[in-house]
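Consider the single chain below, provided in structure tokens and representing the form predicted alone.
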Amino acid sequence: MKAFSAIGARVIQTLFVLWAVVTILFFLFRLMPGSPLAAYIDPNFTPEQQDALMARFGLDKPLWQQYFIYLGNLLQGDLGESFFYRTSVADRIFALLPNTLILTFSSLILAYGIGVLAGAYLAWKRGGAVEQIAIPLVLTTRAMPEFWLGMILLAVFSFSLGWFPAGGTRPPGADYPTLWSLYTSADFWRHMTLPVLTLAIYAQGLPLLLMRSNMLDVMKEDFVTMARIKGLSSYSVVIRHAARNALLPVMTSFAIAVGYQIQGNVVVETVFSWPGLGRELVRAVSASDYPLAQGAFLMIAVVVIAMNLVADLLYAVLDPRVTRE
């Protein structure tokens, strides 16, 4: 019963945070200087036409009425109409969201796969020459700005060597009848290679250092000492005993990393012209398309908040002591 109460309280906190984010985004864009329809209204419009356009989008009403109308529409899944594309914001966002999610999960799976194995190895071989080289290298890649790293990879592997495309998801003129045929094509994965490498090189530092730190603590535990006394092989001691117990914080950090990686995609998608949510957010802000920018911000915030909730619940499931406390 206490576990369900704790989960319920955490869900309520999450909903409150989400409401606060929605409220901040609503007032942030509407209190910005200038007309929200500056990019939409033609200079040749008469004052009557401009007023009619303001009435169409409900911008002629008091701000508090606009707020409650927005909340009502949001509960129905209506994010408004894009000023630039003249289409539904929700349709535009959900058309781009798969590209962002594929890029995010591909890079994180690669980063965590390499980071966990490398972290366990460095903990096992602590004090060796490999560790003295690897740790400074990992810290260096973690300190690199993602946009700078992306431009270096572009300059070397795209512009100089020509091994990979410079941007987009397909060659010019290529046509795929369905999204599935696009996502399973070799062209799509070739275009995604450099963005994934950029994000993975930056992200692998967290799981590597976290796994190494956890492994160093676990290797001091009594059950690891007992396993060694029994004469088990080094592989069995490190992988089957120490690594399994050191994985818990790393697994929960993966959920949090999904949310923060999507935020980082804003820069990487812009550098590689990747048609995802982050790149669309930058374009929407530049074009003063605040319904689309607001919707993109909200979608990113929803993912971040939801993955933080998943991390909390996952930690409680994997470690019952957290639930009891």
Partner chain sequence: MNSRRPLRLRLPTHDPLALVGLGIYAVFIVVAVLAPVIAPYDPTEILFTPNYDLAADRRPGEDGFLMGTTTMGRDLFSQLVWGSRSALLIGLTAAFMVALIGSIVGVVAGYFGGWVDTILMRLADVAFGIPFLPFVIVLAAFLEPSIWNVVFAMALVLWRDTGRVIRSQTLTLRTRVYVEAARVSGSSDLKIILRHVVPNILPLSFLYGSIAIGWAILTEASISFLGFGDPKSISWGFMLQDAFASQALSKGAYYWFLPPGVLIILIVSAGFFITRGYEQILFPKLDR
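Please read all numbers here as calculations on a predicted model, not as lab measurements. Numbering follows the first chain given and starts at 1.
Just so you know, the form predicted in complex with the partner chain exists too; it's not on screen, but the next bit is about it.
Counting only heavy atoms and a 4.5 Å cut-off, does the partner chain in the predicted bound form sit next to every one of F105, F254 and L313?
The answer is no: none of the three residues contacts the partner (heavy atom, 4.5 Å cut-off).
Considering W180, F94, F159, W189, which brings a non-hydrogen atom within 4.5 Å of the partner chain in the predicted bound form?
The residue in contact is F159.
Work out which of L74, M151, A118, L247 lies within 4.5 Å of the partner chain in the predicted bound form, going by heavy atoms.
Of the candidates L74, M151, A118, L247, M151 is the one lying within 4.5 Å of the partner chain in the predicted bound form.
Look at the stretches 134 to 142, 74 to 82, 110 to 118, 191 to 199 and give the one with heavy atoms within 4.5 Å of the partner chain in the predicted bound form.
After filtering at 4.5 Å, what remains is 134 to 142.
Decide whether F164 counts as a contact residue for the partner chain in the predicted bound form under a heavy atom distance cut-off of 4.5 Å.
No - in the predicted bound form, heavy atoms of F164 and the partner chain never come within 4.5 Å of each other.
State yes or no: in the predicted bound form, is some non-hydrogen atom of K125 no more than 4.5 angstroms from a non-hydrogen atom of the partner chain?
Because no heavy atom of K125 falls inside 4.5 Å of the partner chain in the predicted bound form, the answer is no.
Give a yes/no on whether Y290 approaches the partner chain to within 4.5 Å in the predicted bound form, heavy atoms considered.
Y290: contacts the partner chain in the predicted bound form.
I24: heavy atom within 4.5 Å of the partner chain in the predicted bound form?
Yes.
Scan 263 to 277 and note down the residues that get a heavy atom within 4.5 Å of the partner chain in the predicted bound form; none is a fine answer too.
Sequence-ordered list: Q263, V266, V267, T270, V271.
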